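We've got the same protein chain twice here, in two forms, each standing alone as structure tokens: structure 1 and structure 2.
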Structure 1
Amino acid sequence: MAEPILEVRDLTFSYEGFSTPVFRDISFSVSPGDIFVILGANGAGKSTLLNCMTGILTQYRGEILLHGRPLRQIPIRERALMMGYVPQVAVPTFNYTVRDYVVMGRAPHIGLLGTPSEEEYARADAAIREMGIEKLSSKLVTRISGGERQQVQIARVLTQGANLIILDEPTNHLDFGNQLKILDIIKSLSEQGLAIILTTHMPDHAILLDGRIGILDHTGHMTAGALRDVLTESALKQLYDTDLRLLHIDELGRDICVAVGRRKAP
């Protein structure tokens, strides 16, 4: 197995002034080509976990190692060269063109007083081509759809040149077609050798991505492992506190997760 890019060891985090930790003793690692999907109920601490990994929260116990080095000791700019982050789709406050927005991914390669050169723009254009969104290039980021904006954000993280990409609920607020499109993109990025960590509310997305899973439960424990070991009917029932079935569809050759729905009164 290849050398892990990110290693999380016994990670425990509690907010200042709170005695109960949000989560405790979380351990997992991702290597090149891995997809690690984090499932968790609302408020289970998924965002807090991502914020620890991206370096926004630093008051954690345990260790986060990026390429074998403790995350806290890596300077911000160097960290950005190794790890890219795609936030949830939101409308930006200011209006930049897609091309000017994507080129911001080159920031860790440009000095404090610098502005992007033609060469940096060439890399941005390459990422825009890779996403197949050339038509959007000169449009304003506030004037494109949510699905398009997510592709633009992924193009931006690609220009950053990091080999680990963390995505926060990348399929949120997208229509059905766009959700699958984003999953396809994530899959192909991992096939190119990038390591991917993402959070989602959709068990089906975890099944489609066919990577490794971490289920963060209400007590702050995470069960991490291979898809078929971790993503079981009973685990999902408990996680979402609802009646559901994990059914195998022969035609597709995979499982799907469906809610049982409200039963008629007898």
Structure 2
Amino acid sequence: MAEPILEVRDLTFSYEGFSTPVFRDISFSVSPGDIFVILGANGAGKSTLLNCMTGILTQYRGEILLHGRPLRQIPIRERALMMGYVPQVAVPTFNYTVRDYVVMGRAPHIGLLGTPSEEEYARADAAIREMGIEKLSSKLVTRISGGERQQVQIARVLTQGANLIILDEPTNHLDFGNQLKILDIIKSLSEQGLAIILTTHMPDHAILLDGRIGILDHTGHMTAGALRDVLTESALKQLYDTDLRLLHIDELGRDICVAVGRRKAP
């Protein structure tokens, strides 16, 4: 079995001045080729958890190990060589072209005063092709839609070359077709040996990715494990306070999550 890239051990986090933790005693790990989906309702603490794993928030209790080393002890630039992060919302303020913005993912490899080489631009172009956004390459990153910008963000992280990619609701702002495209790309990246951690509030996305899952509930507790063990109707009903059903569709060869319809008043 491959050594874990990231390990989270008994992680607990509270914001300063608040006694109640956002989450507590969370443990899981990801190894090369793993997909770990963090499922939770809005406000459950998913983004806060990611911010701890990426080093944005540091006042947590417990341990986060990146390649066996405590995350707090790894310098930011070295961390960026191993871990890429796509936030839920990123709004560029400078009028870079998409191609120039994507190549900035190579910054940890180039250095503070360096400039991208032809090889760096070739990596950026390859990531743009992999995302299928070649038509955006020469457009200004400030003049594209939010959904297009999300795809550009993922291309930038691919250019970075890290073996762990963390994504905060990567299908947010995307239409249905592009949501499926991003999920297909995530599966492809895991098949290439990358480890993927992502958050979502859509059970069907977890089903389509068919990896491991952690359900983060409103009390800050996470139940983590294999998809078929953790993603149950009772867990979903409790998480979303809605009558949800998991139905197996033979034609698709998988389950789908559906809400039970309400009868209209006569």
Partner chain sequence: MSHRTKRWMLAGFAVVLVFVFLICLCVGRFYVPPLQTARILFNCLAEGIFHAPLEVTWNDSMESIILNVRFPRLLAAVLVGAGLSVSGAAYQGVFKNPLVSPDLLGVSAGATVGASLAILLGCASTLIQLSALAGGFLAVFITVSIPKLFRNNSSTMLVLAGIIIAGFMSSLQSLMKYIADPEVELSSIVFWTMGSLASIKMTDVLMVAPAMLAAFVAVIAMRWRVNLLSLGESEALSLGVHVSRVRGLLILCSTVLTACSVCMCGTIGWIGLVIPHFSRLIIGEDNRYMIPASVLLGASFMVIVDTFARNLTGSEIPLSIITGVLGTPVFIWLLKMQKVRVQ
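These figures come from a predicted structure and were not determined experimentally. Heads up, when I say rigid core I mean the largest set of C-alphas that superpose within 1.5 Å between the two forms. Numbers given to residues start at 1 and step along the sequence of structure 1.
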### Task
Determine, for this pair of isolated chain forms, which one is the form predicted alone.
2
#### Entry: Core-aligned CA displacement of residue 93 at least 2 Å between the two structures
yes
### Query
Has the Cα of residue 191 moved 2 Å or more between the two structures, judged after a core fit?
no
### Query
For residue 79, is the C-alpha shift between the two structures 2 Å or more after core superposition?
no
### Message
Core-aligned, what does the C-alpha of residue 119 shift between the two structures, expressed in angstrom?
### Response
2.9
